[in-house]
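One chain comes next, on its own, written out as structure tokens in the form predicted alone.
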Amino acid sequence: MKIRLLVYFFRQAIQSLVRNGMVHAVGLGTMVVSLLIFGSFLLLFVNLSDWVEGWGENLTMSVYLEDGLDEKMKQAIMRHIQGLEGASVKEYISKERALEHLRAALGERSDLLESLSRNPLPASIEVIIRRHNPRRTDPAAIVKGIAALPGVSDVQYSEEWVNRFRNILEVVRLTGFIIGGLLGAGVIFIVTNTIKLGLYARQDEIEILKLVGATDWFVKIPFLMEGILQGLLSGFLANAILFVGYLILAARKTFFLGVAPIHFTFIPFDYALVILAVSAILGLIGSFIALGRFFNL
């Protein structure tokens, strides 16, 4: 008997969705857009987090050398760097080559460099330190040791930027929660009004059901299922569109701030399930609000 009732309620919910197709289509589209905005934010946040963590696994350092440094001192600095745990010299960039890189980066504005009377850029040694054991790798101590070497004018390392990006990501995470809350409130408003229109369209039918002895919950359950179905369908479509967007992004080589490539991955499966679950819950809440207001009239 209970199964037959569930089948009846489900059939009624489907019929209501079809009967008010245009209204539900507009509400569905708006819900999909709202969930898609949140899902896109989630996709970018997950990939940026992975990018920052991946970039932070290996330290990259630029060791800037003083002008007029002889070959012997330069080799001594390189030997010291290579003696550090996990360290390797990626390349030596001379003053001339640094100027060429700057000229290439400026592109059409490279003529600005023609007025220079001398090359102001220092030579540098690009260093990679592979962090096999991050707890034992103290970047501040390594930088301090290299900076104290004779002939070294300055040292810049990627850990500083990674820490800055992590702080930015925390702000972005908080912003995402706020945006998600606002979008959730919008979805509830949409579902509430969509269900309310369906209730008014079937007002005569509901009154007849009440006259023949139907309980309030007998009338309410199909509308609650209608809200859940609308939410689930919106979440499914949002995930599908998000996956198509991911495939487009994954096919392109994307650089963030021109520093390192981002290898896009789709949001974890449990995140996609969360989007589905949240959309269904929001649909249920919207239905409850609409039914509460209608039956209190």
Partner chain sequence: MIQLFHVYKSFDANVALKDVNLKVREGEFVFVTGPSGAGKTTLLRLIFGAEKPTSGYILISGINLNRIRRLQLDLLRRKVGFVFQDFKLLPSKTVFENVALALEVSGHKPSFVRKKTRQALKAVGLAGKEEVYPLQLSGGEQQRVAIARAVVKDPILLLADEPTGNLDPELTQEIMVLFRSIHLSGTTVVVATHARELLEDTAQRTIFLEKGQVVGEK
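All values reported here derive from a predicted model rather than from experimental measurement. Numbering follows the first chain given and starts at 1.
We do not show the form predicted together with its partner chain, though everything after this point is about it.
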Next item on the list: Please pick, from Asp204, Glu91, Glu170, Glu114, the one residue with any non-hydrogen atom lying within 4.5 angstroms of its partner chain in the model of the complex.
Entry: Asp204
Check: Between the options Val212, Ala148, Ile178, Ala105, which residue brings a heavy atom to within 4.5 Å of its partner chain in the model of the complex?
Finding: Val212
Note to self: Please determine whether each residue of Phe41, Asp270 and Val278 possesses a non-hydrogen atom within 4.5 angstroms of its partner chain in the model of the complex.
What the structure shows: no
Notebook entry, point to check: Taking 4.5 angstroms as the cut-off for heavy atoms, does Leu174 touch its partner chain in the model of the complex?
Noted result: no
Notebook entry, point to check: Are any of the heavy atoms in Phe218 no more than 4.5 Å from a heavy atom of its partner chain in the model of the complex?
Noted result: yes
Note to self: Taking its partner chain as it sits in the model of the complex, is Ala141 near enough to touch it, meaning that at least one heavy atom pair lies within 4.5 angstroms?
What the structure shows: no
Next item on the list: Among 93-101, 204-212, 68-76, 180-188, mark the stretch whose residues have heavy atoms within 4.5 Å of its partner chain in the model of the complex.
Entry: 204-212
